[in-house]
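Okay, here we've got a single chain as structure tokens, the form predicted alone, with questions on binding and movement later.
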Amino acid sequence: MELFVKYFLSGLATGGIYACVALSVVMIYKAIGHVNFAQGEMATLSTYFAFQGIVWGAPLWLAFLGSLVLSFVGGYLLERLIFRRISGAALMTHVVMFIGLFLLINSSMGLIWDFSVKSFPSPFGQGQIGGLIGYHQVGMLAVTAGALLALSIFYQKTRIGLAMRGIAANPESAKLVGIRVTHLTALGWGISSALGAIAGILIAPIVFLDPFMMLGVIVPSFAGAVLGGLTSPLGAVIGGLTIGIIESLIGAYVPRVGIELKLPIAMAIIVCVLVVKPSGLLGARILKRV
């Protein structure tokens, strides 16, 4: 039983990372109706901002806060200066732009900070609780829960949050009632970028920092967002946590399954769920008139 609890908590901690990235994916999707394929690279770049602040001698938490601010501003400007201009373009135009952004950010990180692997400090320490879960893992879960709570309050209790929900539901009607759709769409980008920065800062102490840090995280995070429902922040968290737990338990208890196979098996389970409920666990069904 103790071994089961250990693997469960380990999967829960990993799922917390997936959940945080999935939250940022959902924020972009709610803003523009597309998935940002460069989300992982943007999160890695934000982590490098924090790393550079630490190198320059800034206190740990100040470097993290500075990274969040820069990420928010960068995401906001990215939408206003680039993606707003192609808002009415075909889907493939957005896909090509996201792929180009992925390559540009990745290459730029390698040019500025090189491609060597760098250690990154944990904001929560390296100790363990009862030999079952580390302080850092507990901190990751607490931060993810805090981010979800903050988003929930923002969307349900603030005028801006309610306006953003209206834009996600029906942008044309939102324009008719005087909501500044383009401004709030850029705000959604900024929030998504800040959430990605949080995810990058949380994962860097575990996998170490390099330009390809998020490659092993972004796929299960996308899957978590889809599993939970691309329109639901709570669903994204549930989906991310579910994938982390399934991965951990399958790797521990299913014979002959190693690191290479546990994710495909988890994905196969997710596919089965989506066949039954294509909109995801908590996603809204989209009805179209034919």
Partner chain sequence: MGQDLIIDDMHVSYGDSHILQGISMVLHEGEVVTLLGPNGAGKTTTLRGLSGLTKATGKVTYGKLDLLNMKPEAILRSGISLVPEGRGTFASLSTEENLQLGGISRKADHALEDDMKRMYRYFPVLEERKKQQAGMLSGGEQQMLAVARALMSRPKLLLLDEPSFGLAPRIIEQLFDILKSIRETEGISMLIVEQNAALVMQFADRAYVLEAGQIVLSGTAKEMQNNEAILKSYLGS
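Keep in mind the model is a prediction, meaning the values are calculated, not measured. Residue numbers count along the first chain shown, from 1.
One more form of this protein should be noted, the form predicted in complex with the partner chain, which is absent from this view; the next part is about it.
Novice: Quick one: which of 123-131, 143-151, 199-207, 177-185 gets within 4.5 Å of the partner chain in the predicted complex, going by heavy atoms?
Specialist: Of the options, only 177-185 has residues within 4.5 Å of the partner.
Novice: Quick one: is residue 194 in contact with the partner chain in the predicted complex, heavy atoms, 4.5 Å cut-off?
Specialist: Taking the distances in the predicted complex, the answer for residue 194 is no, it never comes within 4.5 Å of the partner chain.
Novice: Since only the chain is shown here, I'm wondering whether residue 173 would be in contact with the partner chain in the predicted complex (any heavy atom pair within 4.5 Å).
Specialist: Because a heavy atom of residue 173 falls inside 4.5 Å of the partner chain in the predicted complex, the answer is yes.
Novice: Spell out, yes or no, whether the shortest heavy atom distance between residue 163 and the partner chain in the predicted complex is within 4.5 Å.
Specialist: Contact with the partner chain, yes.
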